[in-house]
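In structure tokens, the next block holds one chain alone, the form predicted on its own.
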Amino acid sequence: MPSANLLGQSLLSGILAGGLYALLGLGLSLSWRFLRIINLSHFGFIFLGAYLTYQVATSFHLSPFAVMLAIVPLLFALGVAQQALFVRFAVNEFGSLLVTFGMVAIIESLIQYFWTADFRRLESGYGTLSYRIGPLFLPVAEALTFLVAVVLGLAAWAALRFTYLGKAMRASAEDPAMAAAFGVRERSLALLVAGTSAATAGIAGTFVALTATLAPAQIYAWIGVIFAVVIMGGLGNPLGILAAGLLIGVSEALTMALTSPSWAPLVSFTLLIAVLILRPGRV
């Protein structure tokens, strides 16, 4: 049986990992719900943001957060351009899965071309900094990731619930024809959602660069667990995404502490299957 300290550290690590999962899944959830686009290229945008953060911060000795401020508008523009292409060629929900799978493969190839397949690690003061809280250690980079995930999740929830744009987005997703009759400009909203989703990928990419070692093939490593988070949390439900990320992160961490790390990947899919069986209309 693991010690109380190990269980406590595992619980803390799971909470912080859950924040990262929520941050990675937020943009995917928004685009899937409000655009009906299953955007696998979201994962490519995340790693593009991560590699750009690594390159610019390393080359010019800048803070990763200063680099993030430049990356977010770039990713926003890429998201808008991508959505414009989807509209131009009338890409449907199933077609988007195939098209964006091709896009993520292209992004992976471009990353490998410019940065090779070698592992890359962003050396920053945040990566090794941690604070001791009693018997536990709190890594600063992971804690900042969790904090940003909570702030963005709450901000997205409040925007969807209380602002005119949020209400227009929800109305357009429920009944586009009726929303258009009341003056909602569906195309402009779609471009805004696509850009915002890609911008969150850029933010997530910065924190991936801060907390993980980068390699092009890792683009695919989180697809399964993030899809589980998005489906369990509910499409377009930022607070649900946070809750699902925490549930999966804590479950995986405790599974690794109590049994073996090899069992951890089974947790997210077991939970996902249980949710789909108990609530088949979740998606």
Partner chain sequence: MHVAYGDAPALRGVSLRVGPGELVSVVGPNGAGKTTLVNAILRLLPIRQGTVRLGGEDVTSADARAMRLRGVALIPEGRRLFATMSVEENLEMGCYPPSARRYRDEGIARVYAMFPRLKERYRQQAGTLSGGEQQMVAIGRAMMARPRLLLIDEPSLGLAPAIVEQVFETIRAIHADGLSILLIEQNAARALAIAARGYVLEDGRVVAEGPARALMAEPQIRAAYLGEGDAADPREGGER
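Numbering follows the first chain given and starts at 1. For clarity, every value in this text was computed on a predicted model and none was experimentally measured.
The form predicted in complex with the partner chain exists for this protein as well; it is not shown, and the discussion that follows is about that form.
- For the three residues Leu52, Ile71 and Leu74, a heavy atom within 4.5 Å of the partner chain turns up in the predicted bound form in no case.
- Although the partner is absent here, Leu144 lies well away from the partner chain in the predicted bound form, with no heavy atom inside 4.5 Å.
- In the predicted bound form, no heavy atom of Glu123 sits within 4.5 Å of the partner chain.
- Residue contact check for Arg185: one or more of its heavy atoms lie within 4.5 Å of the partner chain in the predicted bound form.
- Though the partner is left out of this view, Arg132 does not reach within 4.5 Å of the partner chain in the predicted bound form, counting heavy atoms only.
- Here is the short version: of Val87, Val150, Ala171, Val80, the single residue with a heavy atom within 4.5 Å of the partner chain in the predicted bound form is Ala171.
- In sequence order, Arg161, Tyr164, Leu165, Lys167, Ala168, Arg170, Ala171, Glu174, Asp175 are the residues of 152-176 having a heavy atom within 4.5 Å of the partner chain in the predicted bound form; the partner itself is omitted from this view.
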